[in-house]
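First, one chain by itself: the form predicted alone, in structure tokens.
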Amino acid sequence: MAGVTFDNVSKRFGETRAVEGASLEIADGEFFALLGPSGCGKTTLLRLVAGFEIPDDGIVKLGDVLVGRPGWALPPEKRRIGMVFQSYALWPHMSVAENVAFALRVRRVKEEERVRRVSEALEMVGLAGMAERRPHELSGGQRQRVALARCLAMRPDVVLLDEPLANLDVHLRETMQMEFARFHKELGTTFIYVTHDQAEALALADRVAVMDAGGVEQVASPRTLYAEPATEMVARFVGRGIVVPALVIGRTSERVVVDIWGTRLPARGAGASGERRSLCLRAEDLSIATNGGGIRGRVTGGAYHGAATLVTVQPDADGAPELKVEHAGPPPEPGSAVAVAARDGWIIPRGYS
């Protein structure tokens, strides 16, 4: 097994900067997620680990071994890397067992060892009785398991997963998330998981790197990313936080006190009196005030989510962004004048709206 290091890595395609100055330390045995919108550079980072791309700047290391630098990269077949693609990449004319064994044949693994590894891998992913089936005879989830078994049979030091659940329906994605977590726990191998789905990243990863425009915005545990986003981009992307301008006016023994459009609210984080800062609010920490105190505005809509209704409120203040409020019980009618109270907020360390 091995960890992965990116040291000030950049990769450009013509005039496009796919990755710019990325530095990451991924620990040996860690389940690490690269999260971000389409085009943010996360798949390019994965391809740099795999050896499919050569960095323009910086270096890439697997454990203590240098595998990529400007102008040179160790070939993929020499890296002990396993990769699971979104498209499964299975040979349609081969059986399940033949697909799993293919890379072992290419590497000239002896037949007895090859048969044993294929059997172990299929057993691990729950496909032991399907070795002779063809890919077209399998469901999407089963095809994904074959792709994973093929990867595991190689006994890689690092497993790379590129949007592996994107083609599956919601319920099957949830099942496969639990399976990936189980595989990682049993194997103890380093997993690097690329996704634009924050629910997957937060559910699976030990740590998550949020990327945007080729750069790394923040690296943290899922709980820290959600509760303490470092930038406005992370606040908006992870959990769809609401970013509003705030004026720091003082502090209590436990919280900073901020002013939002004439309403005082408690907030976590740091800030000096008189500073104008960006504040992250989350729908579950907002409520329709029953005593009339709070941010005044009008209801513009609502979406029923079962346990609660997500009520949209447009504050009366000029230029204020809409607020999303999780509201239990019958929601107020659109057009109603309401006040929104906040139980919590986070002062974003970097950025000011």
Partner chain sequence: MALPVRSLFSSETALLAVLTCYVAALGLWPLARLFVESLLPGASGEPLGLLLGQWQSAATQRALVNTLESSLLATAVSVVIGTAAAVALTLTDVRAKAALTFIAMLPLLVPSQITALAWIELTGANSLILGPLGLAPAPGATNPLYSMWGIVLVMGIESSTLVFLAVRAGLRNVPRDLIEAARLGGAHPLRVTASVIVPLASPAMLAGAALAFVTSIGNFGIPAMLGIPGRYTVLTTLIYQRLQGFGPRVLGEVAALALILTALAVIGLLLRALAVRRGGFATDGTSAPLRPFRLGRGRILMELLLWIALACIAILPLLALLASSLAPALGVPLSIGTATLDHYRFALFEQESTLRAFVNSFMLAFAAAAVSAAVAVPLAYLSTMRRNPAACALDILADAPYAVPGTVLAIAIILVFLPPIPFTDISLYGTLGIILVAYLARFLALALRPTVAGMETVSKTLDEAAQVAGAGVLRRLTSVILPAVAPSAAAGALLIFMTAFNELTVSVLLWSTGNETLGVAVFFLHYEGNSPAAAAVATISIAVTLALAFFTSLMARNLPEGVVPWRA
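Please read all numbers here as calculations on a predicted model, not as lab measurements. Residue numbers count along the first chain shown, from 1.
From this point on, the text means the form predicted in complex with the partner chain, which you will not see here.
Requested in this report: With heavy atoms only and a cut-off of 4.5 Å, decide whether Arg47 touches the partner chain in the predicted bound form.
Outcome: Arg47 belongs to the contact set for the partner chain.
Report task. Give a yes or no for Val106: in the predicted bound form, does one of its heavy atoms lie within 4.5 Å of a heavy atom belonging to the partner chain? Result -> Yes, Val106 sits close enough to the partner chain in the predicted bound form that at least one of its heavy atoms falls within 4.5 Å.
Report task. Answer yes if any heavy atom of Ser87 is within 4.5 Å of a heavy atom of the partner chain in the predicted bound form; otherwise answer no. Result -> Residue-level check for Ser87: yes, a contact with the partner chain.
Query raised in the report: Taking the shortest heavy atom distance, is Ile54 within 4.5 Å of the partner chain in the predicted bound form?
Result: It does: once the partner chain is placed as it appears in the predicted bound form, Ile54 has a heavy atom within 4.5 Å of it.
Query raised in the report: Of the listed stretches (266-274, 242-250, 96-104, 184-192), which one has a non-hydrogen atom within 4.5 Å of the partner chain in the predicted bound form?
Result: Going by heavy atoms within 4.5 Å, the stretch is 96-104.
Requested in this report: Only one of Asp169, Glu132, Glu113, Glu77 comes within 4.5 Å of the partner chain in the predicted bound form by heavy atoms, so just point that one out.
Outcome: It is Glu77.
Query - Contact residue in the predicted bound form, from Leu152, Met83, Met233, Leu122 (heavy atom within 4.5 Å of the partner chain) - result: The residue from Leu152, Met83, Met233, Leu122 that makes the contact is Met83.
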